[in-house]
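Next up is one chain by itself, shown in structure tokens, the form predicted on its own.
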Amino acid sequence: MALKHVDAVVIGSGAGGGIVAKELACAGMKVVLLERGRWVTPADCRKDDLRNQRTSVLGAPFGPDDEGNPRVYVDLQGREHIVYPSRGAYHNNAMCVGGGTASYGAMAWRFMPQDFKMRSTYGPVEGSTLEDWPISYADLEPFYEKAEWELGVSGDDGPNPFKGPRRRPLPMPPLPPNREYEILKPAALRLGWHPFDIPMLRNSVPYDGRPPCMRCRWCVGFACEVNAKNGTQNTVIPKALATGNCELRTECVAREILLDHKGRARAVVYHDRDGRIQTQPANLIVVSCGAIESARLLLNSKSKWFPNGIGNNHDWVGRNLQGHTYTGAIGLFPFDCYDDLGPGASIAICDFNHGNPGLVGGAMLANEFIRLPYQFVQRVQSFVPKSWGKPFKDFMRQWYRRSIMVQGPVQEMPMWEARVQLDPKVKDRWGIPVARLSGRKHPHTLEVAEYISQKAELWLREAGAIQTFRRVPGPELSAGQHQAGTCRMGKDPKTSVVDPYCRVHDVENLYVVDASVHVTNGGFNPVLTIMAIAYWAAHHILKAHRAS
């Protein structure tokens, strides 16, 4: 039986799709929200050190399963590898209701004004597709504010002199400081830096009917058992469903988008939870699957209008895949630093996001979330003589509680060669060509990472560390949970995939609303910018809807 025609289909319920679905449903539109994963509860996590979104050696608890969900990764030597969600080269982001927001660390950063005009600020970078955004910080500021207040953000960025202007403060105060905060803050001040409380999508006080954070160690990589971590699954999606205008269909995998005889999007073809192919017609379609899967869906949606995939007549879909080059340092101290107060991350500086001599961009620096013992092993194993046996156990016993890690997400130089394609041979369990990932980091990204790691080490030594280890990643492709850039926003269809309002060029009723549209990815966790763009795009979708 044919499915009933609706006003809108939103594909993906994460930071972008969940918000768009809520905005459209609250405005009276009939919405179908498709999610390839399922609802995940804290009970599903089991507080397992070896099976969480950060450590997935025993599987990806927030989806997808290894079985039936491969990708192909091409390494720097050109060798092809079939990889699965529990492995790093897969570059997984959670696939469940709420997407990555169900398990993230919940840092809630606004990009800085300079982040929207990187080419104008620094000039061209050889070998990079660095460009300005077609929208500005001022355009997004009201929508940043809306995300902060509707979902709920705690913190205090008042002492940060580098932030963009804001009309309202954050709605909740920061959590009380932990031991690492008390150690790092005076050190930063002695260095002449400007430390402040990290903004987080986490309740420090009761907010919108949800309790405050209980400060447990199982935070980043886990679902919050008291609902104090604010994602789309416990904020906007329940509000969308409460309108009666939004239907959430879980375990539904989008296969392709169909166009009509005029080149307008007319329906989404998807596999339901029983594997049956369904066709959902709609007046408009919003793709919010994350940078890898959104590009994959567009590339697999071929027609006479777009023989190489929707939006891809100029070969930009899937290009410029980027994430963040995390860099920093670990310090060992002659006293206990660990107080078992989650989430751990608490203090940051933005002194090195911009204005670094001879460098393009930079990164914020912050102390790390609580590192569970297995995660600590992963961080330090390259710095100790043996990563097994009694010497390593002795190292863990001596230093686990006496260590602090400071790190930051370096803003990457986008690369044309870093990309998502459809693999010509490998298919998933539904017979859909899988994503093929290839490319590398730009050399200048690694230069910036080296500089930022030196600043992290300096901060730790000033704080009293007696030994430090710097961590700088290699040149391999970057994406991961901060994946972005594959459906670039721009005004020119020849050099971008969507327009400034996230509408796919030449398809008037098809939108991409997630980090795919980011021109650059800032030196910050990108989720609040994804949310702000979702509110921005929804505002313009509704404006066009009312006009028609």
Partner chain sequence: MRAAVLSIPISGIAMIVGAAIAYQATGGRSCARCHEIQPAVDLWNQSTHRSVPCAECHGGLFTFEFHFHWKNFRQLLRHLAGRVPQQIALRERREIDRAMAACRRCHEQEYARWQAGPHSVTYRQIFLDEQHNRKRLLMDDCLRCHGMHYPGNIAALVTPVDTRGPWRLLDQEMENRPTIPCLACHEIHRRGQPMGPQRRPRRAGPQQEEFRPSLALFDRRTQTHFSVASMPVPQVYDNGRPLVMSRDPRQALCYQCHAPLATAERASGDDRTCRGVHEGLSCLACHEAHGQDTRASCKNCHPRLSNCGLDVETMDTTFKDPASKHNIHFVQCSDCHPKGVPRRARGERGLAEARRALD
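Residue numbers count along the first chain shown, from 1. Because the structure is predicted, anything quoted here is derived from the model rather than measured.
Although it is not shown, the form predicted in complex with the partner chain is what the next lines describe.
J.: Give a yes or no on whether every one of 46, 215 and 226 sits within 4.5 angstroms of the partner chain in the predicted bound form by heavy atom.
T.: Heavy-atom distance to the partner chain in the predicted bound form: all three under 4.5 Å.
J.: Within a 4.5 Å heavy atom cut-off, is residue 341 in contact with the partner chain in the predicted bound form?
T.: Although the partner chain is absent here, residue 341 would touch it in the predicted bound form, with heavy atoms inside 4.5 Å.
J.: Would you please decide whether residue 493 lies within 4.5 angstroms of the partner chain in the predicted bound form, comparing each non-hydrogen atom pair?
T.: Residue 493: no, not in contact with the partner chain in the predicted bound form.
J.: Any chance residue 461 has a heavy atom within 4.5 Å of the partner chain in the predicted bound form?
T.: Contact check for residue 461: no, nothing within 4.5 Å of the partner chain in the predicted bound form.
J.: Given that the partner chain is not shown alongside this chain, does residue 194 nevertheless sit within 4.5 Å of it in the predicted bound form, heavy atom to heavy atom?
T.: No - in the predicted bound form, heavy atoms of residue 194 and the partner chain never come within 4.5 Å of each other.
J.: Using a 4.5 Å heavy atom cut-off, indicate which stretch of 484-492, 516-524, 501-509, 37-45 touches the partner chain in the predicted bound form.
T.: Looking at the other structure, the answer is 37-45.
J.: Identify which of 177, 173, 211, 443 has a heavy atom within 4.5 Å of the partner chain in the predicted bound form; exactly one of them does.
T.: After the contact test, the surviving option is 211.
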